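Shown next as structure tokens: one chain only, the form predicted alone.
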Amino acid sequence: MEIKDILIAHNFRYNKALGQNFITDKNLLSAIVGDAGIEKKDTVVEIGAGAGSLTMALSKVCKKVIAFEVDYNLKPILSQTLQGLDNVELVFADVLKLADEQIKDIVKGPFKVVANLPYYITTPLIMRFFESSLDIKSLTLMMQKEVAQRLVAKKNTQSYGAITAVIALQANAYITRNIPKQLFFPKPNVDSALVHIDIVGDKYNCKDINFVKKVIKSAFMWRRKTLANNLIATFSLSRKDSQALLENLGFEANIRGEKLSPEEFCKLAFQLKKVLKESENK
């Protein structure tokens, strides 16, 4: 029985607020699993089980799938579509509301994330994982095409932002394929793209990654403001110290955040920490 038929048989009503657009194309499902680089030894965390089509495809090639879902109305459908799959664990919970320790208790070890994400949680979910202590090896995420382009953008472009730089500190992100909206059910209003993110660790030897992330968020807090003004607002720097900091690094005094690469943000954070420490000792 096809997924669409099962949904119709259960008289399932799609929840627009949850961004429910399910994948039913078997070729696309296989492609997602392939692009994710899933192996037999892997534990996969799926965010948003939906009707279970991607869950089923993942279960065929990995050790275990732990699928999180927030819509209890999908429970009878998932009971049918996932019936007999011994390596699938279904968890009705919102990952965004779970603490790291709760997720660790459920997953028990390193894992890869694969998800057909509701568009509205894409950025919060990625930031949540990148700010966590979880042992994530990679993320392969279906998302709105425009958001995907933002994740892989280069500095000094309109699409380049805080999330781009934060990801690039610890990972390599690239779009593996563009997906037309016709391959979803029901059909969304926009096209999608699949993004694969390999977690590789501290690429630029930044030492204090969390502080670098704070500096990056500050740089893009008010995008139209200069970097100096954003640093003044976030770290209570004097204008003199803020401008001297940038000039000592070879940046123009009126430079904006989008002009800096992730590696340059690391250098900025390292020097900023020194300035803040000197201020404390005065």
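The structure presented is a predicted model; accordingly, all values stated were derived computationally and were not measured. Numbers for residues come from their place in the sequence shown, where the first is 1.
There is another form of this protein, the form predicted in complex with ligand SAM, and it is not shown here; the text below is about that form.
*Asks:* Just to be sure I understand the contacts: of I179, L74, M143, V212, which is the one whose heavy atoms reach within 4.5 angstroms of ligand SAM in the predicted bound form?
*Replies:* Selected residue: L74.
*Asks:* Among 89-97, 130-138, 154-162, 192-200, which stretch has residues whose heavy atoms lie within 4.5 Å of ligand SAM in the predicted bound form?
*Replies:* Going by heavy atoms within 4.5 Å, the stretch is 89-97.
*Asks:* Give a yes or no on whether every one of Q20, E69 and L117 sits within 4.5 angstroms of ligand SAM in the predicted bound form by heavy atom.
*Replies:* Checked in the predicted bound form: all three residues contact ligand SAM.
*Asks:* Under a 4.5 Å heavy atom criterion, is I121 part of the interface with ligand SAM in the predicted bound form?
*Replies:* Within the cut-off, so yes.
*Asks:* Any chance S59 has a heavy atom within 4.5 Å of ligand SAM in the predicted bound form?
*Replies:* Output for S59 is no: heavy atoms all beyond 4.5 Å of ligand SAM.
*Asks:* Would you check, heavy atoms only and a 4.5 Å threshold, whether L54 touches ligand SAM in the predicted bound form?
*Replies:* It does: once ligand SAM is placed as it appears in the predicted bound form, L54 has a heavy atom within 4.5 Å of it.
*Asks:* Would you check, heavy atoms only and a 4.5 Å threshold, whether A49 touches ligand SAM in the predicted bound form?
*Replies:* Yes, A49 is a contact residue.
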